[in-house]
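In structure tokens, the next block holds one chain alone, the form predicted alone.
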């Protein structure tokens, strides 16, 4: 989105567990729609939102559709800035090994596959959020 030559930066905060409410799925759908309009998007996962990115989710027992594999497509939508709060992972006994490997193909580097998932501390995450023009929390 441009306004008088200024690109707007949009941050989508994900703080809820992936299932039990509609927040996680709604956030993912909004992000994919926004990406179709070439917005500068950052995704943040903090608190119970870190569970949205865990590997091998099984929703058979709760009767809900497992949408977690959709996160692997974010790179195809040019979403390259996905941040996970380090302290939220630690507080839940999780490590980066528990998370999906999210990548994108860098067309400027002969389509090399690169990480789009970054684990950052609260202080750094606060700076990232403060740099955004719009922050939406789910």
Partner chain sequence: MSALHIVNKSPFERNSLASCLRLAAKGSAVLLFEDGVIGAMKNTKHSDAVANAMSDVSFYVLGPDIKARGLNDGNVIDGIKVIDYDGFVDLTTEHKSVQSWL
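Everything quoted here is computed from the prediction, not taken from an experiment. Numbering follows the first chain given and starts at 1.
Keep in mind that the form predicted together with the partner chain is not shown, yet the notes after this line are about it.
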Only one of 33-41, 77-85, 90-98, 106-114 sits within 4.5 Å of the partner chain in the predicted complex by heavy atom distance, namely 90-98
Contact with the partner chain in the predicted complex for residue 69, defined as at least one heavy atom pair within 4.5 Å: yes or no? no
Item checked: Partner proximity in the predicted complex: residue 17 to the partner chain, non-hydrogen atom cutoff 4.5 Å -> yes
May I ask you to check whether residue 21 falls inside a 4.5 Å heavy atom distance of the partner chain in the predicted complex? yes
Residues in 108-138 that come within 4.5 Å of the partner chain in the predicted complex by at least one heavy atom, in order, are none
